Each structure stands twice: as C-alpha cells, then as structure tokens.
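A single chain comes next, written as structure tokens; it is the form predicted alone.
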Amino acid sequence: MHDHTAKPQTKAEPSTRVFAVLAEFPSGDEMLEAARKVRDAGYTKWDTHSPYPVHGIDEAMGIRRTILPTIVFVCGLTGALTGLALQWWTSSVYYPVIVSGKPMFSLPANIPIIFELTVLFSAFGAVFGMFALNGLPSLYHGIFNSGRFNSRMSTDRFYISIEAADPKFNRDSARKLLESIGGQSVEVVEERAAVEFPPMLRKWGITALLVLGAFALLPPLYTLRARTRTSEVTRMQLIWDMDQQPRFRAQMKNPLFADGRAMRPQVPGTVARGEAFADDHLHRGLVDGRFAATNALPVTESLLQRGRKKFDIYCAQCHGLDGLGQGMISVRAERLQEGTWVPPLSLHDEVVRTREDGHIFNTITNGIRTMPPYGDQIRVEDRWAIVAYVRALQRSQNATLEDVPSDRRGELP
C-alpha cells in the first residue's frame, strides 16, 4: 500500500550566510563621524555608501594613498623605454640606412614616438590599474540583498556596512557598535552561500564562449594568411587612404577630355627639359657633343665637401660610404632577393675610373640600368660636386707616391 499522507518532496532551499551588518545614517556629517569611530574600533573590511561624494571620507575611513600613481609612472616609463629601444633597434641595428646625411640614431628625432608610447602606456596603466585595484568589473555585491539599501541609498540616505570577511567581525558586536554611534535601522544582510548560475547560462554559456573564441581567431588568421601569400586580388582594406584611388593608365580612354584620351599631348611652344640650356658642359656634361673630360666647376675644397654631403645623402645607401657598392640597401636587397638582385657597380672599378667626368654627370642625371635618375632631385651644381667627390674617392683607393707632396713623403711608413 502507498502512504498518501507522506509530504511531497520539495527542492531544498539554498543555504545562506551573513554578508555584513548594515546601518543607516540620516546625513553625510553623521556618517562621517560614525566612520571615524568604526575606524578607531579596528575594523578593516568595511565601507561607507552615499548618494554623492562626502568630503573627508577617505581620511575618516583611514584609507591610505593609492599606488595608482606609481603604476602609471612605471607604465609610462616602460612606454618611453619601449619607444626608445624600438627606434634604436630598427634604425641602428636591424635596418641602418642613412637618411639625408643624418645620424643613424638621434634622440631629438625619436621624441615624438617616445612621447606617444609614454602617454599610451600611462593611459593603459591608469585605466586597467584602476579596474584591478577596485576589483572591477563587479556585477554583484552582497549588500544588494538589502531592500532598504537599494531603495534609499541613491537618493537621501547614507550607510555604513561592516562585512563578515573582517577578521574582527562578530555579528552582535558589530550591531552594538553601529547602534552606539547613531546607526538607524541596523540589519544583518545575508547572501546565498554559493552563487548559482541560471540553468540556461550553465547550459549554453560555455558553448557561446567557444563559438565567440573561434570567430575571434578569424581576423588574425586571415592577416597571417595575407602576409604569407601573394594574390592578384587586392587585399581587404577597411581604410583605403590613397592606395586604391581612381586613376587613368597610359593609353586608356578618359571621357573628361573632348578627344577621349587620358594621355595629354604636349603644349605647343614648350621646350623639352634640358634643351633650353646654352652651356652644354654645365647642364649636359658635353663638349662638342662628347662627354666632357673635366669638371664644369672649379674643383675646390668647399666643392668637395659639398659633394661629400650630397653623396652621403643620395648615393651612399647603395654605393656605400666608401663607394665599393656595399651600401645598406644593396646588402639588404641581396639578402632578401636571394641572388636576383643586381648590385651597384663599385665606383673604384676600372670601368668607372676611366669614364669621363661628363659621363658620370650624365649617369647621375639620367640614371643607368637599374639606377634611377636624380636630375629632378639634385641641382646641377651639386651633381658636379658629387662627380668631384667621386674622383676624390677613387684617388684615395688608387693613389701613387707622386700624388703625395714631396715634403710629406717622409711621413709615410
């Protein structure tokens, strides 16, 4: 037989535990005075709650100065050193290229990046340090289990709570203390002994996190694939800038003009570049239609110094400071292109040394083989200065005893 009088089984109520003892105060001044007394009583795990900031509450609670400024300083210093080290490594170690004759590494030129990384790292330290020190984000707090606290704290009431996590906590002692210092509506706030997630969240939460994590891996994987492969299709770009601007190629149609041509004919009456100069020696490096054997300018010490400066700016990247053809661009290109790179010819090669000054000038102006022209970038006088300096470099590697003044030949080893 079945016992129909037995009580149906019910789901066990979740156990609770004391979270804190909470007291209400009618004004901020009374809460401030009560906070001093709680501090003097030796409690360390407690807090004040008010609808607006109360001046002097930090001192009343005995809160010491935060270490957040130290965190920001360390992060800022790390950012500054990171910017400094990054620029030093890239410009002086990994890819040391002379730019316009400037030194490989110069502190003033690196100040903007150092400043930006200092600010960036400091901002990260301030934001994330504040979150960590305050235990944020925190979506739950045990004090929220007090109904009176939830309805009045953000409007016109002030509260002090002494948490059960305090080493000195005793429910009765804490209650008596709060009542003795003017606390009203003192209550014991309880919370669940174990926080339980809703069944739906427990069921689908992990699956959702795994799916989101898988989708989060797609952008970096796509970027890695794009960096390791070549494609005839333009890669995805969120911000095009000037990479994909509309333009017309040579021999294309252009409806903007009446004749429909993208390439425009020469303007009548114009003279081609270089044809309007009367002095062929100076502007073309020619004498009687042949390459000039001499420099078009008087070779002086100031001209050589000018030539050295311009050579370091425009030529040393490929030819090297010594003219042997081992500049940083050439060395790096030879390593990256694995034998397909055509190195620049050494300026000390017999072929170059036997060329006329006008020939070298013409090479600088119009380029030769893979060397681009520099006529648009370097003034005529500076091109001749480079020619003079190239001759000085060649003479330094191919000098004879007759090139040394007779009164100084005794100084030679």
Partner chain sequence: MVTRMSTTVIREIDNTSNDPRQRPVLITQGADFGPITDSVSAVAEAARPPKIWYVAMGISLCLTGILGASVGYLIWMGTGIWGLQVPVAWGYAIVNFVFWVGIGHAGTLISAILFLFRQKWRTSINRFAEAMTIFAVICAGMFPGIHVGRVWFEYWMFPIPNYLNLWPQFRSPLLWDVFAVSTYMTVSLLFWYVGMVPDLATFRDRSKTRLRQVMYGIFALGWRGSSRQWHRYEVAYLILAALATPLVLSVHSIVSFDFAVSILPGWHTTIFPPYFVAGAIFSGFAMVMTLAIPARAMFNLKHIITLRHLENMNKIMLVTGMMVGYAYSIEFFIAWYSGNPAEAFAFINRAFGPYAWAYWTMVSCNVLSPQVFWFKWCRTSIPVMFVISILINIGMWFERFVIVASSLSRDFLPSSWGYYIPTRWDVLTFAGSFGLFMTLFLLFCRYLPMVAMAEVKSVLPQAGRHPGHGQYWGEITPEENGEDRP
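Residue numbers count along the first chain shown, from 1. These figures come from a predicted structure and were not determined experimentally.
Omitted here: the form predicted together with the partner chain. The next part is about that form.
**Student:** Counting any non-hydrogen atom inside 4.5 Å, which residue from E116, E179, D322, E334 sits next to the partner chain in the model of the complex?
**Tutor:** Of the listed residues, the single hit is E116.
**Student:** Of V380, A388, L345, L32, which one comes within 4.5 Å of the partner chain in the model of the complex, counting heavy atoms only?
**Tutor:** Only one option qualifies, and that one is L32.
**Student:** Contact between N366 and the partner chain in the model of the complex at 4.5 Å, heavy atoms?
**Tutor:** Close contact is absent here: in the model of the complex, N366 is far from the partner chain, nothing within 4.5 Å, heavy atoms only.
**Student:** May I ask you to check whether S106 falls inside a 4.5 Å heavy atom distance of the partner chain in the model of the complex?
**Tutor:** It does: once the partner chain is placed as it appears in the model of the complex, S106 has a heavy atom within 4.5 Å of it.
**Student:** Check whether N110 has any heavy atom within 4.5 Å of a heavy atom of the partner chain in the model of the complex, and answer yes or no.
**Tutor:** Residue-level check for N110: yes, a contact with the partner chain.
**Student:** Using a 4.5 angstroms cut-off on non-hydrogen atoms, would D349 count as touching the partner chain in the model of the complex?
**Tutor:** No.
**Student:** Given the stretches 207-215, 183-191, 285-293, 116-124, which is the single one in contact with the partner chain in the model of the complex, using a heavy atom cutoff of 4.5 Å?
**Tutor:** The contacting stretch here is 116-124.
**Student:** Scan 141-161 and write down, in order along the chain, each residue with a heavy atom lying within 4.5 Å of the partner chain in the model of the complex.
**Tutor:** Counting only heavy atoms within 4.5 Å of the partner chain in the model of the complex, the contacting residues of 141-161 are H141, I143, F144, F149, N150, S151, R152, M153, S154, T155, D156, F158.
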